[in-house]
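A lone chain, given as structure tokens: the form predicted alone.
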């Protein structure tokens, strides 16, 4: 079966758990920005966590199905309409041949995930179906969805779970201010004490410049120490000789607007990384909308590792339903 696209939405792409193992040659891991929501949608339709889904940003697609199928939508708060009738969120939905699915205006969050029983069955590229648009890899020919696209769906391999909707207690909170935990480094020593203080004690606000590569914030700015730049670095104090970037790295070009790198970011470059958002908070970051008031809070590595274990336990609880 397939989904026949009438309207593509603002930015709808095929994503899975990511393209692991090629960061050293400049290909980012990619995958769903909000991994927890993507996995939840897959759980509700009886897929494995690895199956590809549609990641829909701000505005969802409109499509019809050409055979009976099962879908689920998880993530941002968005009205799901089947033949014009609104359906409950975070719930498994059964569709008949010819049913039309559309989406209303977001009520909270930034991205939602559409899982189809059997998974989106586009070819794997370097071990993943995820779309990396800059590199033209994966998904629907390495690009976002377009009107007229026929999205293929695979054959189901697992049983439908007994649970048909995600309990309220396991659904993420959306909207409002955010606190993002970070660990310092590798180049925080290039900030003055005042610069470090501003980053973790002042408020920052997400700008509209926020996509799969990174999210830019505005706020009080930071201060860099005055130093003689090493050979090969740029003239700005935030420049370094090239280094690798971890997913979640925080750059502050020119000392003005921090940028947090997300799943499609380049793997290295010449800006100093003063800290890194911990892996457990990357899903939270993906749910932010422009204007979100944000505080960065520095934590020790022990807390970051504990948060990672807690996130893994929460995902395990979802898959155990």
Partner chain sequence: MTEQSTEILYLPNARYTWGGDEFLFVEFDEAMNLTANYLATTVAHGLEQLDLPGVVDVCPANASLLVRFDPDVLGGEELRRRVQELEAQARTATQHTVETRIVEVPVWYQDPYTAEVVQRFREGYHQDPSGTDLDYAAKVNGLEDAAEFIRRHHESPWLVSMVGFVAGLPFMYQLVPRARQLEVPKYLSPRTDTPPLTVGHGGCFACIYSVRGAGGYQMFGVAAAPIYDPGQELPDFEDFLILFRPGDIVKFRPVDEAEYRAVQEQVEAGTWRYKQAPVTFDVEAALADPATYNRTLLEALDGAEN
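Only a predicted model underlies this, so the values are computations on that prediction, with no experimental measurement involved. Positions refer to the first chain, counted from 1.
This protein has a second form, the form predicted together with its partner chain, left out of what is shown; the following refers to that one.
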item	value
Its partner chain contact in the model of the complex: residue 304, any heavy atom under 4.5 Å	yes
Residue contact check: residue 245 to its partner chain in the model of the complex, 4.5 Å heavy atom	yes
In the model of the complex, residue 186 touching its partner chain (heavy atom, 4.5 Å)	yes
4.5 angstroms heavy atom contact with its partner chain in the model of the complex for residue 45	no
Contact segment among 85-93, 198-206, 235-243, 103-111, judged by heavy atoms lying within 4.5 Å of its partner chain in the model of the complex	235-243
49, 27, 62, 293 - the one with a heavy atom within 4.5 Å of its partner chain in the model of the complex	27
The single option of 141, 123, 230, 148 touching its partner chain in the model of the complex, heavy atom within 4.5 Å	230
All of 134, 276 and 279 with a heavy atom within 4.5 Å of its partner chain in the model of the complex	yes
